[in-house]
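Taking the form predicted alone, here's one chain by itself in structure tokens.
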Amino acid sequence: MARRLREQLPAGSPAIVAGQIVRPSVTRPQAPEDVLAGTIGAAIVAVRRTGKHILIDLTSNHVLEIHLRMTGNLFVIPDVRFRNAATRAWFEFANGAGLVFEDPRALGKMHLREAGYKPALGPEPEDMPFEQFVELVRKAPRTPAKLFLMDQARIAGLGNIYAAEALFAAKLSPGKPLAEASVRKLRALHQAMADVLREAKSSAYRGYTDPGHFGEGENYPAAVYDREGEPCVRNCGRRIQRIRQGGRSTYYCPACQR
């Protein structure tokens, strides 16, 4: 998403001259007018990503933080007047183009932060040595594997879809604590997390080209997610099952993941 956005932004970083928070709940607990006060009149310096957080650095010495959640999208259109009905916030550049935050389910969030802000997240899998991963596992001896992976304070970037996919790739049960897994399986999971997120970023880059029609994980080649009742892709003879964990659906193969 951050890479796609950097490519779409107008050349020369024109200033933001107008904007509107269409749905006030997007910025809570901050007031929409406070968010606008720190953005209108400023230009975009850089666009970064940390976990699922998009961070837009502004010349006003602020950072615009956007969490897309499940159906959010952030993109630039040539004429901000032609934004669609699912737009929750928009910002107009001096050349008439617009930065649009679209979210059909209105789950995403947008906040204004001070310059240098970093979300309180753990490292991403690609940046985390295996020894650090093992130490995290040891500190949570009873936490089920799926819930462990989805804790962004421990590991950033693994949401519901990709946590399930990484556990399937490593042949680990989502309901058992990782502390019970062998070193061999922990190494497999450590690698699987990085591989899954690498593919997820590539699929998101491809998918976020169609504003209004893209959902999280839509272009990801899922092996288990949302495949309840379908045969396991490993041809083990079992079908994918679904359970509830932490209020979310978890998909797994009961034969391959132990």
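On a predicted model such as this, the values are computed, not experimentally measured, just so you know. The first residue of the shown sequence is 1; numbering continues from there.
The discussion below concerns the form predicted in complex with the DNA, not included here.
Visitor: Among A140, L107, A94, A115, which has at least one heavy atom within 4.5 Å of the DNA in the model of the complex?
Guide: Here the answer is residue option L107.
Visitor: Only one of V80, M150, L186, M128 comes within 4.5 Å of the DNA in the model of the complex by heavy atoms, so just point that one out.
Guide: When the DNA is considered in the model of the complex, the option within 4.5 Å is M150.
Visitor: Counting only non-hydrogen atoms, choose the one of 170 to 178, 132 to 140, 72 to 80, 157 to 165 that falls within 4.5 Å of the DNA in the model of the complex.
Guide: Among the listed stretches, the partner-contacting one is 157 to 165.
Visitor: Does the DNA come within 4.5 Å of any heavy atom of H62 in the model of the complex?
Guide: It does not: once the DNA is placed as it appears in the model of the complex, H62 has no heavy atom within 4.5 Å of it.
Visitor: Does any part of S25 reach within 4.5 Å of the DNA in the model of the complex? Heavy atoms only, please.
Guide: Yes, S25 is a contact residue.
Visitor: State yes or no: in the model of the complex, is some non-hydrogen atom of R248 no more than 4.5 angstroms from a non-hydrogen atom of the DNA?
Guide: Yes, R248 sits close enough to the DNA in the model of the complex that at least one of its heavy atoms falls within 4.5 Å.
Visitor: How about H190 - does it come within 4.5 Å of the DNA in the model of the complex, if we only consider non-hydrogen atoms?
Guide: So H190 does not count as contacting the DNA.
Visitor: Only counting heavy atoms and a 4.5 Å limit, does any residue of 224 to 258 reach the DNA in the model of the complex, and if so which ones?
Guide: Stretch hits, in order: Y225, R242, R244, R248, S249.
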